[in-house]
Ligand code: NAP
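Read the single chain below, which is given as structure tokens and is the form predicted alone.
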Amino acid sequence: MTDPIHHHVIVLGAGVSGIYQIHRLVELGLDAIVLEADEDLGGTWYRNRYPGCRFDSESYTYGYSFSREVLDEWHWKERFSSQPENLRYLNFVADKFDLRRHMRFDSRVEAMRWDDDLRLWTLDVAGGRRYTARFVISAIGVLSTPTLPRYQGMEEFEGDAFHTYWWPKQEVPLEGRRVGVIGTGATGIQVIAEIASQVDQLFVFQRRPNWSTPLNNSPISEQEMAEIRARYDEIFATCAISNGGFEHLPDRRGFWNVTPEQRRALWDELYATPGFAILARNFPEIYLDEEANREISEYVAERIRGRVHDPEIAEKLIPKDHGFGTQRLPLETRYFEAYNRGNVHLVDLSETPIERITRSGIQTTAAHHDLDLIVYATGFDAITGAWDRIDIHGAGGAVLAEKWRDGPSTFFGLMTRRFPNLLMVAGPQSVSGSTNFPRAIEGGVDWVTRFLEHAIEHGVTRFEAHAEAEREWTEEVVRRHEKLLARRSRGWFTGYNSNVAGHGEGSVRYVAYFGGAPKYAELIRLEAESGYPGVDLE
């Protein structure tokens, strides 16, 4: 190890959260840097380069709101922007504010240890570098740890194979190739729809079907972009009062106060509306009431049946184990129509499971599928996965992985007891995992920055959440979660991932706050205005 390099504040991660966080710290004149594991900034939008990767939040609600100059200068080209454009945007923001000079790339943090005598964190970086810091702020993302399935023979396959997260930078040839995609979640749905017309044969290995509705993407003209700029204040004000942080507000007429015909008329409108309108502008009862959810689920099922020519295939694409809107909803562009193509084949793994990966393809219990390329669209160890990759030791020998073994416990998703001077942006049990991400992280970064400013102004060298405050918040996260029909789902909202030991059947991990973005913002605002009563400041 070299001698440690000291900074007053170290931020972990140069993605959407880390870029804004270092900007705020630089504004305060603090000695702060960002440690980023990848070779460049961007986080999610740097690493995910697979075909079809794009926003499913409206571009103009996903971008930062903190700078009027950025809002005036940047022209979103599409209503739901693609990965290359998203990465250009993040680079534009970083370069505009000269933030790169505060970033250290190829700096994967492997371990962090707290020294209570010195009141410092020591951070060990891959390759032997070591840093110390009074304060550490994590911005490591909620979907930054990809997971692979555990099939026999995966290392034996002689063609190309990779997780969507690790899609190569260089062009991957698709034309004339036999491609297998394992997984039909949000990522798989984007990939499948995008490459179906490019490949010779496409085999979709479906583990569990997901509900999906149209993205309804379209270009944004110069005139429309000018109109968006003129109403940015209105757009962000609406996002601030929306539970999901979108430019959509729920229908408050009451599900049972309108006729079935009126409900269907609304759903027809929402199905044709861009983005998450079908969730965010719907009746709130669909998340709480079994009968209401059954009715909207049958409506969406009908729409799927109307788009897939083969009735048997259509039924296989309709979820039977969870209702519409009770798991993270993927949005799609002609995904269901892909199954009308003669070169696209659905392999239902609930009927014919994968036995093993072979040298030349995938063997199921029914057949061998010869392949040139295998794409693992098998998801992420969501929200806590990135934390598990860092060996974090706090006060009194506490180990974070042990504390969170059965699920996280935090204070507002911003701190966790026994790990002093560690702040979290988009941490477990915050609202970031359940809402329009940038709208949530801007609020999180602003709170963290004001808290840090308060601590420094008052000579605080050690802070830690009170045990009772953390217990109460974790109980509130559980209460909010248990009110929703989502409590019985098997999605990453409940910490479910069959590829991760301990995150499968029968395990519920309360990893996100479902009380809505406005309520969360109000709670953390009151905590700050009250002088941080839930935190021990020394």
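Numbers follow the displayed sequence, beginning with 1. The shown structure was predicted, so the numbers you read here are calculated from the model rather than taken from an experiment.
The protein also exists as the form predicted together with the named molecule; that form is not presented, and the subsequent description refers to it.
*Asks:* Pick from 114, 380, 412, 283: which residue has any heavy atom within 4.5 angstroms of the named molecule in the predicted complex?
*Replies:* Contact residue from the list: 380.
*Asks:* Of 476, 31, 40, 56, which residue is found within 4.5 angstroms of the named molecule in the predicted complex when only non-hydrogen atoms are counted?
*Replies:* By the 4.5 Å heavy-atom cutoff, the listed residue in contact is 56.
*Asks:* When you measure heavy atoms, are 399, 420 and 466 every one within 4.5 angstroms of the named molecule in the predicted complex?
*Replies:* No.
*Asks:* Pick from 420 to 428, 128 to 136, 298 to 306, 184 to 192: which stretch has a heavy atom within 4.5 Å of the named molecule in the predicted complex?
*Replies:* It is the stretch 184 to 192.
*Asks:* Would you check, heavy atoms only and a 4.5 Å threshold, whether residue 498 touches the named molecule in the predicted complex?
*Replies:* Yes, residue 498 is a contact residue.
*Asks:* Against the named molecule in the predicted complex, would residue 264 count as a contact residue? Criterion: heavy atoms within 4.5 Å.
*Replies:* No, no contact at 4.5 Å.
*Asks:* Whether residue 349 contacts the named molecule in the predicted complex should be assessed with a 4.5 Å heavy atom distance threshold; does it?
*Replies:* Close contact exists here: in the predicted complex, residue 349 approaches the named molecule to within 4.5 Å, heavy atoms only.
*Asks:* Answer with yes or no whether residue 60 is in contact with the named molecule in the predicted complex, where contact means some heavy atom within 4.5 Å.
*Replies:* Looking in the predicted complex, residue contacts with the named molecule do not include residue 60, since no heavy atom lies within 4.5 Å.
*Asks:* If you apply a 4.5 angstroms heavy atom cut-off, which residues in 300 to 329 are near the named molecule in the predicted complex?
*Replies:* Stretch hits: a single one, 328.
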